[in-house]
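Just the one chain here, the form predicted alone, laid out as C-alpha cells.
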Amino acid sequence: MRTIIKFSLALLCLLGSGPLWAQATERQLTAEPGITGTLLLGALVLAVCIVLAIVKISAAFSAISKKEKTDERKELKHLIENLDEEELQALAGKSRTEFSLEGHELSGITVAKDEKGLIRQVENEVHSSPMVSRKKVAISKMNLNPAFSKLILAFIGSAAFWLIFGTLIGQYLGMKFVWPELDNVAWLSFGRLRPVHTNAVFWGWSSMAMLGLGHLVVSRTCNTAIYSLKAGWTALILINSSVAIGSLLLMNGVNNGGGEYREYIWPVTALFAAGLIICLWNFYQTIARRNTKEIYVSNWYILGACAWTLVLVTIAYLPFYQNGLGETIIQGYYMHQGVGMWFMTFTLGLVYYFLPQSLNKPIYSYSLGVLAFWTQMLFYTLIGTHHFVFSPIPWSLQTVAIVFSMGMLIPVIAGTTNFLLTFRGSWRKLKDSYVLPFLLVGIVFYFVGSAQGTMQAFRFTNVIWHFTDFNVAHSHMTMYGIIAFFLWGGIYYLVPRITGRAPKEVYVGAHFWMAFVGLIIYMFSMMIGGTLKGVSWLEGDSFIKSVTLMAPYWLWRAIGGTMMFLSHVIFCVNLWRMSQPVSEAPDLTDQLILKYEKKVLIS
C-alpha cells in the first residue's frame, strides 16, 4: 500500500509542481486517510477507463482479424465459382452431378416470410467502425398514450436545450481562465455568468430531464396512466419560465446575494417551486391510483426527492434567520442537500427502474434499496456544514457534519453493491447496449464521488482543499459523472422506445467517450492543481503564486471542458434523430426485416 501511495505522489509530482508538492508529501499527506482514499478512488476511475478502452481496442483487433478471414473466404469462394467443369471434377474427385441440390430441400418451394416478426436482427457482413460496438436492435415501442409521449419528449427536449445553453456558458468561463482578457462586457463577466451556468445545468438540464423520465417511471411502475397530463404541461411551462427569467436576471446583476445555487431571487424560485409542487401532486395521485400492490422503490426515491426539495427551498428563502452565521449554516444545509436530496435521490430512483429494464432482470435486492433509501434520508440531512470546517460556526456542528458524512458510506455502499450485483452474470450485455455503459459509469462515479466527499469532510483534507479548485473537480465528479451519465442512460433507453428510432451507434460511442475522457481530464487537472494550491497556501506562499501555479491546470480544464461540451452537441444530434416521427423514418426493426425478406427473394 505504501508503495502505491508513493508512486501516486510521484506521479502527481511529474504532472505538476514537484518541489512544492514534495515539501508536504511523506511528512503529512501519506499519513492521512482522506488523501490516501482519494488517490485510490481516482485510481479506480482510471482503471475503469483503461479497462473499457482495452475492451474496445481488443474488439477492434478482433474485427480486423475477422475481416481478413472473411476476405479470404470470399476470395476462395470467388475462385471456386469461376472454375470450369473439368477443374471442379479434378478438385472434387467425383462427378459434380452427384452433389447437385435444388435449393429448397429444407424450406420447401414457398418464399420465406416472417409474418410474426420473430426476426429482430439480421447481421451485416461489414461493420463500419470496429471501435464502436455494433448494438442489437431491440426497439420494442412502448404502448404509451401519444399525448403522454409528447409530454415526456417536451421535458427531455427542454433539458437538452438547457444543457447546451448552460455548458456553452461553462465552456466560455473555462476559456476565461486561460484568456482573462477575452471580453470587457459587464453581463459577460465571470461573476454574472458563473451562476447562470450552474443554475441552468442544475434547474434546467438535470431537473427537467429527471422530471421527464420520472413521469414515465412513476406511470410504468404503478401500471397506470399518469394522473394529469395538463398538470405535467403546466409544470413544464413554470420550470422553463423560472430558468429563463432567472438567467436573464442574473446576467443583468439581479440576484439573491452570495448563496450558491440559490442566486435566483425568490419570485423566480417560486415559479420553480410551483412547478415542483404540481409534479409532486401528479406523482402522488398516480401512485395512489396504482394497479400494483406494492409501491416500487423507485417511487419512494422520487416522492422523497420532491418533498425534501420543497422543504429545502422554503428553509433557504425564509428571511427570518438569513443573517451572519445563520445564513452560512443555512447555505451549507441547502447547498449540499440540494445536490443529495434532490438530484442524487431522484436519479437513484430512476436507476432502480432503468437498470433492471436494460438488463431484463429484477434488481438484486429490494431490501438493499430500502436500506439505502432510509439511511440516505437519515445521514444526508446534517452533512452540509462540513463545507465550513474551521469557520466560526459551532465546533460541535462541524463534528456532527463529519460524523454524518462518514455515515453516508452506508447508503452509498448499499446502493453500489445492489447495482453491481444486478449486473452479475450480465456483463456481456455491455457490448450490445447503448444504455448500460452510461449507467455503469454513473454507478462507478456514484461510489467514487460520494466516498471522496466523505474523505474531503475530514478536517485535515478540508483545510487543504477548501476554497481551491479541488471543489470544482468534486462537484463535476458528482453532478456530471453521476447525475448526467444516469440521465443519459435513461434517455437513450426511453426515447427510442417512444419514437421507434434508434441513434447511430458511432454517434452514441462518440458522445460516451468524449464525455467520459473529457470529465477525467477536467477532474484530475482540477484535483491536482487544487491540491497544489492548498499546499502552497499552507506553506505561506502568496496568493498570486497560487494563481500562476494553476495556469497549466486551467488549460487542461479548458481542454477537458471542450470535449465535454462537444459530447453534448453530439447528444443533442442523437436526441433529434431519435425524436423524428416514425412516418419519416420507418422502425429500424421493420427495415431490417424488409432487407432480410428481399435477400431471401433474390436468392
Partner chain sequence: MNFNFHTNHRLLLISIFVGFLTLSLIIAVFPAKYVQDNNPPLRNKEFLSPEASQGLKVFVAEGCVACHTQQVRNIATDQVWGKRPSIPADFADNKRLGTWRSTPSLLGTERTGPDLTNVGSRQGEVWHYIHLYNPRAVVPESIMPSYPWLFKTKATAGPGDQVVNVPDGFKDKPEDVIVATQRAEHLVVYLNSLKQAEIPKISTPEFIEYDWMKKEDTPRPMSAVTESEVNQEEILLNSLGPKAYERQCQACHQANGEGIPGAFPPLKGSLIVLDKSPDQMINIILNGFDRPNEYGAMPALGPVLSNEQIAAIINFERNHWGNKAPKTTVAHVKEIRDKTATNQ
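Residue numbers count along the first chain shown, from 1. These figures come from a predicted structure and were not determined experimentally.
This next part talks about the form predicted together with the partner chain, which is not shown.
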field: Trp308: touches the partner chain in the predicted complex, heavy atom cutoff 4.5 angstroms
entry: yes
message: Quick check on Glu539: any heavy atom within 4.5 Å of the partner chain in the predicted complex?
response: yes
- request: Please check if Thr468 has a heavy atom lying within 4.5 Å of any heavy atom of the partner chain in the predicted complex.
  value: yes
task: Indicate whether Asp432 is a 4.5 Å heavy atom neighbour of the partner chain in the predicted complex.
output: no
message: Can you pick out, from Leu168, Leu378, Ile245, Ile402, the residue that has a heavy atom within 4.5 Å of the partner chain in the predicted complex?
response: Leu378
statement: The listed residue (Phe512, Tyr333, Tyr227, Phe202) that reaches within 4.5 Å of the partner chain in the predicted complex by any heavy atom is Tyr333
Which of 352 to 360, 280 to 288, 228 to 236, 408 to 416 lines the interface with the partner chain in the predicted complex (heavy atom within 4.5 Å): 280 to 288
field: Whether Phe177, Phe190 and Gln322 all lie within 4.5 angstroms of the partner chain in the predicted complex by heavy atom
entry: yes
- line: Of the residues spanning 327 to 358, the ones with some heavy atom within 4.5 Å of the partner chain in the predicted complex are Glu327, Thr328, Ile329, Ile330, Gln331, Tyr333, Met335, Gln337, Met341
